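Presented below, as structure tokens, is a lone chain in the form predicted alone.
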Amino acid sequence: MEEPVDTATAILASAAVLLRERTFDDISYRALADEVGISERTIYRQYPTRAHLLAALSNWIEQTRFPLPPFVTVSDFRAAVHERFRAFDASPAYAYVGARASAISPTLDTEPAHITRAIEAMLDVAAPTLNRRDRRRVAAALRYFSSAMFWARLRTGFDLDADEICDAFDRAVDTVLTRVPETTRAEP
């Protein structure tokens, strides 16, 4: 027995299918409506602008195609991001949607994302005396280096493969973690 799919999810799943053949810019609301079998107006009700569609599609792809494995230690974090970069290499069209959404979408949440909270929790264990401001600053840097945007910039700008991007990620993590001055750490 098939589970019912809501309209918003059906639209995102169909957009992901269309991404196999076209870029996001080449997917019109009309083509998407035809793919889902609904009216174009229904798509506009769900996603009033292309920025809304891009942000929702990016979140959906992130959750369904590139879920970050759980991590507690810095070593686990590195392994999880390496796995993610290899998944990006296997499905670059999906990864580019995530990179683009994080670069241009004004509709993304301003609240810390789950990955930022997970990185902050990891830092609470790895650097328990780090003050709140620096923990947020380090978490933001690590989030960027683990992102689809970082992967896309190295992939398109320098033609690096996943293994080379993993090496660059590891060096960036080492730099960030060793450059936090002792004076910024909170008193125990």
Partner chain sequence: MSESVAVPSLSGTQEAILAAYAELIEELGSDDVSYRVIARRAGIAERTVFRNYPTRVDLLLATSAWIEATLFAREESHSIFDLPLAIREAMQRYDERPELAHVVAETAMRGVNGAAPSPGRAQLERLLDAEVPSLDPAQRRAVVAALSHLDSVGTWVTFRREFGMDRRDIADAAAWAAEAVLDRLRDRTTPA
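Residue numbers count along the first chain shown, from 1. Quick caveat: nothing in here was measured; it's all calculated off a predicted structure.
Only in words, not in the display: the form predicted together with the partner chain, which the text now covers.
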Inset, instruction - May I ask whether I11, V17 and F66 each come within 4.5 Å of the partner chain in the predicted bound form, counting any non-hydrogen atom? - result: no
Inset, instruction - Please run the contact check for A87 against the partner chain in the predicted bound form: heavy atoms, 4.5 angstroms, yes or no? - result: no
Inset, instruction - Using the partner position in the predicted bound form, report whether R45 sits within 4.5 Å of the partner chain, counting heavy atoms only. - result: no
Legend entry - the partner chain contact at R100 in the predicted bound form, heavy atom, 4.5 Å: yes
Legend entry - the partner chain contact in the predicted bound form: W60, any heavy atom under 4.5 Å: no
Inset, instruction - Scan M122, A139, A162, A33 and let me know which has any heavy atom within 4.5 Å of the partner chain in the predicted bound form. - result: A139
Legend entry - Residues within stretch 43-75 having a non-hydrogen atom within 4.5 Å of the partner chain in the predicted bound form: T49, R50, A51
